[in-house]
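Provided below as structure tokens are two forms of one protein chain, presented individually as structure 1 and structure 2.
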Structure 1
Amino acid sequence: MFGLIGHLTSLEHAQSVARDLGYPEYADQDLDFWCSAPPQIVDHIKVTSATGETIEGRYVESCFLPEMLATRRIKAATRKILNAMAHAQKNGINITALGGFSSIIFENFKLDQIRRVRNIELDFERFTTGNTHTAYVICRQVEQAAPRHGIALSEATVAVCGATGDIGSAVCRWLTQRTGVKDLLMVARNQERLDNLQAELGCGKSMALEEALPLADVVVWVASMPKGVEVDPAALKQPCLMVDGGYPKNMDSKFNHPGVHVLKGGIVEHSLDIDWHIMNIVAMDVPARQLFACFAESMLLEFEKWHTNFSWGRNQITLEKMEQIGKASVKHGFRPLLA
């Protein structure tokens, strides 16, 4: 059995979901309520592969909200993730994806040092960040969507916002070493990590976001920002492809500007309907088939019986592992979202 640990994107989102799901008593609750709410299994899932095999899974809602980080409720945030992991393990789940901010909190607050949650000794082999598949899907989205919008990648400048992150660094590796983009602009706040990435890649320029945006033909957004930033479409090149893989989204603006094409990044579409309800509440256009690539990674690991933490730690994603998970993704009927 596979598992997905997820969370909602904001307090407002959590309140509206509670209202929609028929829990009006939760809909008016504030952040403190969510800080004390325990994890819950809220969906039972069945997925059938393109090969015909069917597997079962569970969705664990951690009750984490990004506002917990913004308001420095760090203890609550870390407790949410550890409790959700313990809940998944207690329920016999073999391989569970740490969706969205779950893996970021795990890494940033070094939760690998806390193995024991009450009477459960966490077995980290049963968890994966899902970031290898996410990085692979984002790169394939760039490679497939850019030519559709008249952008030749061998001549293109690509900016990666969140370049030094786990997903961002893998995307930079792939785009420079596999795709062969002309120029890479790397955006993040910590200069030392940017310098290290540049040394590893042997190419790329680090730049502030405001400087990079007007120069880019393609922008990949994979920064761990609890809230999106405003982007002025008039300051962008045309055509420009924006692939926003953030969860919550990195871009706050929803714009309809000729020549600027925005794609939901890190999302796959399955070739068969999935028996579940959970994607209705995260605004997928086709909730029966579309899902986050990190969640799909735990499904792939279960289909392939690779019950291991395939994606783990920070900045260790190799091109070989991206290819390996990419092959499994195609084999089982997932494809990167292109519209």
Structure 2
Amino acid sequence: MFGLIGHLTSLEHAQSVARDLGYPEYADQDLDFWCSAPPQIVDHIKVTSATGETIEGRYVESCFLPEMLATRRIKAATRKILNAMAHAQKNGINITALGGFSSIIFENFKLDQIRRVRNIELDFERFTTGNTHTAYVICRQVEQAAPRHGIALSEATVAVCGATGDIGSAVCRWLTQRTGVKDLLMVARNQERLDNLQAELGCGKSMALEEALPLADVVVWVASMPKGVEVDPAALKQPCLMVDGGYPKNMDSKFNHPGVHVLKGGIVEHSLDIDWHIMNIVAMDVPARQLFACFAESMLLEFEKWHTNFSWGRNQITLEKMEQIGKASVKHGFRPLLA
């Protein structure tokens, strides 16, 4: 059995979804209530592979909300993720993906140092960030979507925003070593990590966001746009492909211009309908078939019986593992979203 640990985008969103899912006791509560709310299994899932095999899964709502970080309720946020992991393990789930902010919180606050949650000893082999599949899907989206908009990658400049993160660094490796883009611009806050990534790749340029954007034919957003930053879409190249790999996705409203094409990054579409309800609440255009690539990774690991933390740790994604999960993705009927 596979598992998905997720969360909603805001307190308002959470209250609305709680009402729709039949949890009226959650629907009118404030942030303090959500800080203390326990994780819940709110969806039972069946997925059929293109090979004909069917697997079952569970969606664990962590009850984490981004406002917990914004209001410095850090202990509540970290407790949410650990409790959700313990809940998944207690319910016998073989491999669970940490979706949305879950993996970021786990890594940034070094939760791997906390192995015991009440009476449960966490087995980290049962969990994956899903970042390898996400990185693979974003790269394939760039490769397949760019030519549709008249962008030849062999002559293109690609900017990766959030380049030194787990997904961002993997995207940089793939684009330079597998895709062969002409120029790579790397944007991130930590200059030392940028220097190290540049040394590893043997190419690419580190650059500030406002310098990189007007030069780029393709922009891959792995990190969210910093607050207060405003970009005039008319100042960008025309055409320009924007791959929005953040969560929640909001680039389409920020770059509303005929020459700027925004693509929902890190999203896959399955070849068959998935029996679930949870994707109806996260603004998927086709909720029966579309899902986050990180969630799909746990499905792929269950299909292949790779019950291990396939994606784990910072900057550990190799091109070989991207190719491995990519082959499994194609085999079981997932394809990168291109529209």
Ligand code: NDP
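It should be emphasised that the depicted structure is a prediction, and the values quoted were computed from it without experimental measurement. Superpose the two forms; the largest set of C-alphas matching within 1.5 Å is the rigid core. Structure 1's sequence is the ruler for residue numbers, which start at 1.
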Check your understanding: Just one question: which structure is the form predicted together with this ligand?
Key -> 1
Point to revise | Core-aligned C-alpha movement of residue 227 between the two structures reaching 2 Å | key: yes
**Study point:** Threshold 2 Å Cα movement between the two structures for residue 320, core superposed
**Key:** no
Point to revise | Rigid-core frame, C-alpha of residue 21, shift of 2 angstroms or more between the two structures | key: yes
